[in-house]
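As a starting point, one isolated chain is supplied in structure tokens, in the form predicted alone.
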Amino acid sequence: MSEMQLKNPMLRWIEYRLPIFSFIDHSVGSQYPAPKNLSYWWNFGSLAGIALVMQIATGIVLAMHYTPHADMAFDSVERIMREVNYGWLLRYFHANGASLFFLVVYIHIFRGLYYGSYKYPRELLWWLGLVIFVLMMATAFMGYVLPWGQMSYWAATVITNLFSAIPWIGVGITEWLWGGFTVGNPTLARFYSLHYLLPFVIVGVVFLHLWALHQHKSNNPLGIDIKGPQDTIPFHPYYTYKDLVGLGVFLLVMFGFVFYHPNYMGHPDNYIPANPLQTPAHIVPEWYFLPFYAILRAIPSKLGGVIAMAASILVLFLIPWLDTSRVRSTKFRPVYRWFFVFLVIDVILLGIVGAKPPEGIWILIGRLATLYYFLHFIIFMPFLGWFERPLPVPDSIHQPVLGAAAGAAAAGENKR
């Protein structure tokens, strides 16, 4: 968008000195070419960005009324709920927004796994997305501690204690995180500070993520590269309105939880003030941590469990090289498609196991599910890439979208 295209004189004045409108137009507007076959699965990237903005906005207002002190934190949360104007609404939006943020990101990650969005030349794009995911986990964990209820306190105790399993330096790291010899007021103050800071770090990594995305453009359901103008359409207005449809559905789900089931994804013990002398019968993290919690408990050794949990995230960074198939999209890999379905079921099963007490049959199920999780990435993914015979992949995007005759006509029209 040039300066002459702006009708408003004030906008033209700004554009001449700071070309922000042309930057937006080239990034997400009519000047940005996007593959013409993107499905609604590609809505979740923009939804994640909107969810992040919502979390920052509600978090800033909540921080104005929260008191990060062990003696007053729980009461300050109750005051937000009962005395601050619309404080209950802000808190429920923030708490449920975190859960839906993770749900959107999980779908976004599995969509990338299914369509091979981690393959060349998007390896760094995939890495930056995983860095965002790890920062989200750290931010969410620290935020979960802030209400200073029973589950908050003991979740902080259990999770921070995991660092003590590291040989030689583990105890020192744990005491440094605590700010003393147990979880207490210094721990709460540190977690509050980092919980406020990390979302802005996430925004910085999101900027790098988008930069890497715009370098080689979005992947698409066919998993093939853009061959020319006939394969693309301007991002705006088509994908803008498509994203707005997804946003409408997202907000309907959000309003459903906030107004009808605000505590559905929480734990009732967090409405009890923290008591260091009374351990809850069953300590569980938030649902989005449960698969990793199940992997942690699947290994009998404390150090082994910590290593397995860390490896379950680190193995995702190696996927661009573990996947040896020359085809990006699982759409053209009929055998691997079944293994992908098993992976999704396996992760859901790990989440169920993480919510159950570590006893009886759940121990065996957790270990088998953990074993399959690692086998999928380390064994099945590379071997299937070597031996599987994929289906024929179209030569370009416009042929499957428009049909062979229409695609050829479009290609001829663009050459004129």
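Numbers for residues come from their place in the sequence shown, where the first is 1. What you see is a predicted model; the values in this text were computed from it and never measured.
A second form of this protein, the form predicted in complex with protoporphyrin IX containing FE, is not displayed here; the remarks below concern that form.
A.B. asks: Heavy atoms within 4.5 Å of protoporphyrin IX containing FE in the predicted bound form: which of the stretches 253-261, 296-304, 77-85, 111-119 has them?
C.D. replies: Flagged stretch: 111-119.
A.B. asks: Please determine whether Arg91 contacts protoporphyrin IX containing FE in the predicted bound form, using a 4.5 Å cut-off between heavy atoms.
C.D. replies: Result no; Arg91 lies far from protoporphyrin IX containing FE in the predicted bound form.
A.B. asks: Is Thr139 near protoporphyrin IX containing FE? Define near as a heavy atom within 4.5 Å, in the predicted bound form.
C.D. replies: Residue-level check for Thr139: no, no contact with protoporphyrin IX containing FE.
A.B. asks: Would you check, heavy atoms only and a 4.5 Å threshold, whether Phe101 touches protoporphyrin IX containing FE in the predicted bound form?
C.D. replies: Taking the distances in the predicted bound form, the answer for Phe101 is yes, it comes within 4.5 Å of protoporphyrin IX containing FE.
A.B. asks: Is there any non-hydrogen atom of Gly45 lying within 4.5 Å of protoporphyrin IX containing FE in the predicted bound form?
C.D. replies: Judged by the heavy-atom cut-off of 4.5 Å, Gly45 is in contact with protoporphyrin IX containing FE in the predicted bound form.
A.B. asks: Looking at Asn96, Ser329, Gln230, Asn219, which is the one with a non-hydrogen atom within 4.5 Å of protoporphyrin IX containing FE in the predicted bound form?
C.D. replies: Contact residue from the list: Asn219.
A.B. asks: Could you check which residue among Ala274, Ala156, Leu146, Ile132 gets a heavy atom within 4.5 Å of protoporphyrin IX containing FE in the predicted bound form?
C.D. replies: When protoporphyrin IX containing FE is considered in the predicted bound form, the option within 4.5 Å is Ile132.
A.B. asks: What residues of 183-213, in sequence order, lie within 4.5 Å of protoporphyrin IX containing FE in the predicted bound form by heavy atom?
C.D. replies: Stretch hits, in order: Ile202, Val206, His209, Leu210, Leu213.
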